[in-house]
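In the block that follows, a single chain appears as C-alpha cells, in the form predicted on its own.
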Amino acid sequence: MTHPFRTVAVIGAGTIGLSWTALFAAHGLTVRVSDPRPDLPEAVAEALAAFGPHLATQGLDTEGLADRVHLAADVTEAVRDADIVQENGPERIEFKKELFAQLVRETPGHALLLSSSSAIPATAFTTHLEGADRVLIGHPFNPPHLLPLVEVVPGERTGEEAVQAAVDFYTAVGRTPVVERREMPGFVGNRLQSALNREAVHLVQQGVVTPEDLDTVVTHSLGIRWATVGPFLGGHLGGGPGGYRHITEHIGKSMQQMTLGEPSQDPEDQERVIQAVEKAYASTPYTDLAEARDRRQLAVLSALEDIRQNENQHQHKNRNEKEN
C-alpha cells in the first residue's frame, strides 16, 4: 500500500462515477473508465465539460482534463495497471461479489479496491473473498467532485494498511475522509439522511406541511446550522455556558417526550407524496435544478474556506505575537 497513486479505474459511469472521474482527472491522475452504457463517450465528455468549471473554482488546473481520461473496453482493461479502483455499480450484493472477485484477480497486488456503495457494507460481499484485506467502502456524497465527505468503512477483513491508504488517497484528491470503525447498513451519513427523510415524508402525509415548505424549513434553519456545525456541537452551543449537559438536562427532557412519526407504506399515501413533490419541482428541468444546487453548494464551500483561511491567519498571528 506504499505505491504512489497514479492511475485510477472508475468502474460504473453513472452520476457518481462521472463525478469521481472529473475529480480524479483534475488532480492529475490517469483515469480509466469502464461502463457498458452505449453513450459512454458522450456522457464522459459532457460530465468533464460541466464539472470542469466547478473544479476550477476549487483551484484545480482543468486544462487538458479530457486528456487524462481514457475509456476502457471492459473492466479487465480498466483495472490492468490501476493503483486505485473506485467501483460505482448497482446496489446488489451478488453483483458486487462477482465484480470484486474479478477485481482481486485482475488488478495489481498493491491496488486498493474501493466501493462507493451507499448502504451495503464491504463484509457483505467479501466474506469468502481472497484478497478482502484491500477492499473497503469509500462512500461519497453526491456529487463527490463538490461535497468533501468520504465515509471510509473497512470490512471485517480489511487490513489497516488499506484503511490508511484510503485516507491518504482521498485526502490527496481534496476530500475529507472519516473512518467509521463499525459497519452499519447505510453507514452514518445515509442513516442520518434517512431518519430526516422519514420524518419529512410523515409530516407531508399528515398534511402538516407541503414538500416545498418543508424544504424551506430545512434550508433556512437546520441546513445553515449544519453547514457550519454538526448536531453535537450545535447542541453544545445551544446549551449556552452550560453546554451540552445543560441542554440535555433541560430542553432534552421535553424533546424526549416527542414521538417521531412513521410514514405510511400504503401505495396510495406514497403516491400522494410523489405527486406533491412532482408538483413542486418537476416542471423545472433536472439539469437546471442540479446546476442551481451546485452553484449554491459551491458558494457555501467557498465562504467556509474563506472563513477557515481567515481563522488560520488569525491563529498564526496570535502565535507569533505570543512568541515575540
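Numbers follow the displayed sequence, beginning with 1. In this text, all values refer to a predicted model and were calculated from it rather than measured experimentally.
There is another form of this protein, the form predicted in complex with a small molecule, and it is not shown here; the text below is about that form.
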Heavy atom within 4.5 Å of the small molecule in the model of the complex: which of Pro90, Gly242, Gly230, Gly109? Pro90
For the three residues Arg134, Thr158 and Phe169, verify that every one has a non-hydrogen atom within 4.5 Å of the small molecule in the model of the complex; reply yes or no. no
Tell me which stretch of 297-305, 21-29, 7-15, 312-320 has a heavy atom within 4.5 angstroms of the small molecule in the model of the complex. 7-15
Though only this chain appears here, would Arg37 touch the small molecule in the model of the complex if you measure heavy atom gaps against 4.5 Å? yes
Just checking whether Val173 would be counted as a contact of the small molecule in the model of the complex - the rule being heavy atoms within 4.5 angstroms. no
Would you please decide whether Pro140 lies within 4.5 angstroms of the small molecule in the model of the complex, comparing each non-hydrogen atom pair? yes
Taking 4.5 angstroms as the cut-off for heavy atoms, does Phe95 touch the small molecule in the model of the complex? yes
